[in-house]
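What follows is a single chain, given as structure tokens, in the form predicted on its own.
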Amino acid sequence: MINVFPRESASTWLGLIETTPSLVFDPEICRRQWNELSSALPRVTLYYAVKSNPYPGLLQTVANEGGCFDVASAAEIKMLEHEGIHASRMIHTHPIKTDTEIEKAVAAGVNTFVVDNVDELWKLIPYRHSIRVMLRLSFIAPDAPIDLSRKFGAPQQDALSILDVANDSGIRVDGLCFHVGSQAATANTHADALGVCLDLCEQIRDEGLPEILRIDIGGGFPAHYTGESVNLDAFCHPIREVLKRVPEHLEILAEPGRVISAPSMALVCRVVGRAKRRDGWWFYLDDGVYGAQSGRLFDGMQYRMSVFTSSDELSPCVFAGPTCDSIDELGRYPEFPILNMNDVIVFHEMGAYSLASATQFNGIAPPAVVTRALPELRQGYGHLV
């Protein structure tokens, strides 16, 4: 969705920043998302996925809400330690780890790890007396555009055999976990997978294997890139129905990332170049796919835009980033105002997998980040699709 505003209206955004491109972080929106998801998932302990966005202000906001953290590397552990967050609030959920990575995490005080295959178990044997382990299973959500059960996750039919090997090796596997995929359209697969895990808990007990004490339902909770707000209470309803089956002694965890981070940031850019070419006008912005907009390549994301221009003449156009690389393209539109130099573009829902994956390609620095309240969105005088 694209909204067009008068050029002078950009002052509302430019007044928040010192330079473009800049990401604007709003801690109040982060808090709101955290609390809405917490209310929608009673009895579920939330572990924020640091990989989604490791901005210190965001980490501190989650910490201040009493949140816990899902890490996937020793570097992420250090980021949290730098913010004064103790390792007791962290779980390490990367299913594949180097020996050095495990050693550093254990030394930092992290005591929960994830495996999804027998070979990964061998790496944990030296630490078996001081750690807890969760077995990750594969569940694929057909309505999640980003599949996270192809690269990771044991087949469900292999669960008992892996748990048997772990038990024989003296490794304490007391949890099951899964991740159905990112940006899921519904929570139906979350609910189905939780139900399967509950049934598996009974099978594990019947086999005489150590009891399962926790189930981690992963992430996948969506952000509203299309402009339509996600009702998290309604989205999580299928999960809550299955939670009614959960015994009192069984802890339920979740790993929200995008749903917390995406709405909390907006990206403010300028047109730094333009040229009329065979396929229409090309507008070059001071941020692109090597900066905060890598999600266009990795996740197929299309971000909502607010365009501030005095132009009313329309033409086919292409948006591109600032690097000297042809892949740095941001979208093509059959009809768009012919923008002028220094016109401002604001991209919304930019907090997830943007700052985290930004690069220094061509020596161009990622966007700066400032902490400010985001302006309330208004409807423009036109909509373009």
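Residue indices: 1-based, along the sequence shown. What you see is a predicted model; the values in this text were computed from it and never measured.
Not pictured, yet referred to below: the form predicted together with a small molecule.
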> Going by a heavy atom distance of 4.5 Å, is residue 30 a contact of the small molecule in the predicted complex?
Replying inline: no
>> Is residue 51 near the small molecule? Define near as a heavy atom within 4.5 Å, in the predicted complex.
In response: yes
>> Within 4.5 Å, heavy atoms only: does residue 353 come near the small molecule in the predicted complex?
In response: yes
> Any of the heavy atoms of residue 113 lying within 4.5 Å of the small molecule in the predicted complex?
Replying inline: no
>> Given a 4.5 Å cut-off on heavy atoms, tell me which of 164-172, 232-240, 305-313, 181-189 is the interface stretch with the small molecule in the predicted complex.
In response: 181-189
> Is the small molecule close enough to 270, 286 and 323 in the predicted complex that each of the three has a heavy atom within 4.5 Å of it?
Replying inline: no
